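What follows is a single chain, given as structure tokens, in the form predicted alone.
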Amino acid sequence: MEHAYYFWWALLWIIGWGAVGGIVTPRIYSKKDLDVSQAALAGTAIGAAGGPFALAPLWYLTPRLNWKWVVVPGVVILAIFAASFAAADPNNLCVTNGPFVATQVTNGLIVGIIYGLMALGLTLIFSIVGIVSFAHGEFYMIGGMAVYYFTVVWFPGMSPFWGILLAAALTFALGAAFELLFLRVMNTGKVERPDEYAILVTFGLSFFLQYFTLALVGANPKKVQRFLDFPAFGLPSANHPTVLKVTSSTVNLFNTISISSPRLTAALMSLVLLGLLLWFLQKTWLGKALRAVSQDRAAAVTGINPDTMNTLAFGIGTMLAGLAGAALVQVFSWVPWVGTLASARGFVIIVLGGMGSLPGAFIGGLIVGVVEALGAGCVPDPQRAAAYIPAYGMVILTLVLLLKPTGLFGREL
């Protein structure tokens, strides 16, 4: 990077004035007895975008703050960051190759949809059972392993559809059984510190599942062939020679965006499952009972058994993690510890979206997916790019905890 100082000066501006805005703005609003709920986040965004030129009028006028005071400066911050990056490294693919950027964003959204599916399970468990399951990533791993062994090893030639259904049944059964055996006791009053107990017992389950699987199947990576071969065709138009070109392994839009068929298949599966989950929660009696228990445990007076709902919620949550793994086993190589990073991503996503918020989990998954895809694509060294991927989620987590601990859609407890 010949002009790297452009980038570092811009980053110093964003961090420095963002910190000033985030610290000072709530104090000024508090002195004037104004609402401070959005002051830290808005002050940080406005300070990072405009520095003293934007903070001075904000502190003088102290207008009522809402999401617009965060979104608009956020766009400006992204523009400053992009311009400084382009000036620092003008030969970077993310600067010179528009189709490459479009492909990275699209693939990030597609993977983000699947991340969102996994995080929805974690959010569902938290909102109803009231715990954070530290074994969630291991159910993601088991879902992928189940599809591999059902369709490749035990029953070669079995349709991936049946493999996915069996993986869903297996992860649901394991999750429900674990809740019955180890978590239901928390509701009997026999556990002195239920929160600490839940952390320890789910951590123990995580280690057990990971190392038990390692002992059973070994450490060699597993991979499943793509589930579907798309029929080859193209859609030309008068203004563009190829609007859509489909082969057995890729989908190409406008000769610009290239999507592999395994990723697209996994994303479509996730969207269908998300739709089914929303239908279940909104339209069925069991779904309404789950939502009632998540809002108030006193729903028991209407005939709903909270213990049964806890078991059902934990089973559905682990099943969603297993289905996310079943969808992605055709994309990535599968090893017994693959759930560790997936679990970390799940925690980042639910904190970003807001603990207990189903829409927040889905949107948080999209954000993490896009950030990871762009981060990996814009780092010139491929080895460093792969090593930095987990760090992007941690950066997002740190920023959210500092600026808005409740997440994008979370509520104050």
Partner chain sequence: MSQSKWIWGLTIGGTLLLVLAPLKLQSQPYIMHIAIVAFFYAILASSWSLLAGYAGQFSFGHMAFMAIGAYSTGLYGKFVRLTTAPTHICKEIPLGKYWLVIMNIYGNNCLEAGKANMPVGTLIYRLPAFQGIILGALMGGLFGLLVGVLVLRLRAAYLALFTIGFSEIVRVALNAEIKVTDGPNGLELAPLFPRGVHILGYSFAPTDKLPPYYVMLLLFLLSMGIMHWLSISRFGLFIRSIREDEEAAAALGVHIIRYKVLVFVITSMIAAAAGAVEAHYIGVITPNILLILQMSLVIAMAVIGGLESLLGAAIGAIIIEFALEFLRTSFTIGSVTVDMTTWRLVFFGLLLMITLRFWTSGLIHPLIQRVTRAGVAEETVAKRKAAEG
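If you're wondering where the values come from, they're calculated on a predicted model, not measured in any experiment. Just so we're on the same page, rigid core means the largest C-alpha set that superposes within 1.5 Å between forms. Residue numbers count along the first chain shown, from 1.
What follows is about the form predicted in complex with the partner chain, which we do not show.
Proximity of M355 to the partner chain in the predicted bound form: non-hydrogen atoms within 4.5 Å are present. The closest non-hydrogen atom of R384 lies within 4.5 Å of the partner chain in the predicted bound form.
Of the heavy atoms in V351, some are within 4.5 Å of the partner chain in the predicted bound form. Within 4.5 Å of any heavy atom of the partner chain in the predicted bound form lies no heavy atom of W59. The stretch among 198-206, 160-168, 311-319, 227-235 whose residues place heavy atoms within 4.5 Å of the partner chain in the predicted bound form is 198-206. Screening A177, L268, A83, V185 for any heavy atom within 4.5 Å of the partner chain in the predicted bound form leaves a single hit, V185. L181 is the sole member of L276, V71, L78, L181 with a non-hydrogen atom lying within 4.5 angstroms of the partner chain in the predicted bound form.
Core-superposed comparison between this form and the one not shown: the Cα of Y197 travels 2 Å or more. The rigid-core alignment places the CA of T188 2 Å or more apart between this form and the one not shown.
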